[in-house]
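Okay, here we've got a single chain as C-alpha cells, the form predicted alone, with questions on binding and movement later.
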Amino acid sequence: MTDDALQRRTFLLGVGLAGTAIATGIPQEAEAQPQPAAPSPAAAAPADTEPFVTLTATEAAFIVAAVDTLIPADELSPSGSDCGVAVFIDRQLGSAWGGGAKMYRAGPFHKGKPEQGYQLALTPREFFAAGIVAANAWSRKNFGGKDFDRLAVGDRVAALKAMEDGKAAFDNFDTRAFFNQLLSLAMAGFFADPIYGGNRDKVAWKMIGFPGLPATYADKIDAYRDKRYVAEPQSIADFS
C-alpha cells in the first residue's frame, strides 16, 4: 500500500474513533498502486441481494464508483460498495430525510455561509440527482466522453479531487458542496450501525476496535485501565 493509501486509512481510523458509529469527513484521495509486499485485500462481504430503493441505474453506477474510489479494497476492509455504503446512501436518499421531511423549504433561499450547512431549496434526493447529472456531464467533457463510473481508477481519483477542491466546473451547480455531501454520506455509511445498510459485517467497527451498541462499561473500567479492551462488536440487530 502506498503512503497516500496509508494516509487515507489513517484518516478513516481517526474519524472512526472520534465519531464512533458515524463520521462526517472524507479523506483526500490518491490512487493506490499495488506493492509486491502489501497484504492481500480483506475478504469482500456478500454481494447485495436487494435492489436500490430510489437510485436509478445511472445514479447507482456513479455512487458505487464513488464510494469504491473513496474506500478502496485493501487489507483493512473490502471496498465501499462491498461494505454496503452504496446501499446506505440509497436508503438515506429514499427515506423521509432524503425527501426533505424536516427541512424548511418555503424560501427565500439565499446563499449561506459554509458554517450554516445545507441551505438549498432542493431536497437531498433532488440535490444528488442533479449533482450526479452535472458530475457525469463534466466527466464526459474532461475524460474522453466517459461518465464517471466508466473512468479508470486514477481518473476517478483525479475527478473527485477536482470536485473536492472546487476546480471541477459543473454547470449551474456547486461542485464542492456536492462533494462534501457525497463524502459525508459515504463516511456515515461506512461507520453507521449495519442495520442501516452500510458497515456490512461490522467491518468498520472491527477495523477501529469499536464494540458497537452496548454503552455500559462501568464494570470494566478498572480491569482494563491502560489496557486494550477487545470485544466482538454488537449492532442494533443483535439485540432485536
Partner chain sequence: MATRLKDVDAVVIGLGFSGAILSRELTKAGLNVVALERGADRNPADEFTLTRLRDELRYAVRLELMQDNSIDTITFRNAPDEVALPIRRFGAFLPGEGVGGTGIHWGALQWRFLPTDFRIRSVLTERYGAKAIPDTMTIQDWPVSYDELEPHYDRFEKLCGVSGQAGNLRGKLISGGNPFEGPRSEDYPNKPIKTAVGPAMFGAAAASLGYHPFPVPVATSSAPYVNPEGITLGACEYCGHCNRTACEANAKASPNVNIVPVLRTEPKFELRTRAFVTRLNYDRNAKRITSVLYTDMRTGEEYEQPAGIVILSSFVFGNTQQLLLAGIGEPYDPSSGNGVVGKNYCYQFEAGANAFFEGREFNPFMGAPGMSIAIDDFNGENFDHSGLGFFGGGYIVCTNAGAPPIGGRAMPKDEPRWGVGWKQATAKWYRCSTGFNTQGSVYAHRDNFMDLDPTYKDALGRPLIRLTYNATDNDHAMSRHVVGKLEGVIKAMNPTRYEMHYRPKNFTVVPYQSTHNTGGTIMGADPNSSVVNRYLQAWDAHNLFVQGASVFPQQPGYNPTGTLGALAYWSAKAITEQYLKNPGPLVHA
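Numbering follows the first chain given and starts at 1. This structure is a prediction, so every number in the text was calculated from the model and none was measured.
What follows is about the form predicted in complex with its partner chain, which we do not show.
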| query | finding |
| --- | --- |
| Interface membership of residue 180, its partner chain in the model of the complex, 4.5 Å heavy atom rule | yes |
| Contact test in the model of the complex: residue 145 vs its partner chain, heavy atoms, 4.5 Å | no |
| 4.5 Å heavy atom contact, residue 157 to its partner chain in the model of the complex | yes |
| In the model of the complex, residue 62 touching its partner chain (heavy atom, 4.5 Å) | no |
| Residues in 93-112 close to its partner chain in the model of the complex, defined by a heavy atom within 4.5 Å, in order | 97, 100, 101, 102, 103, 104, 105, 106, 107, 108, 109, 110, 111, 112 |
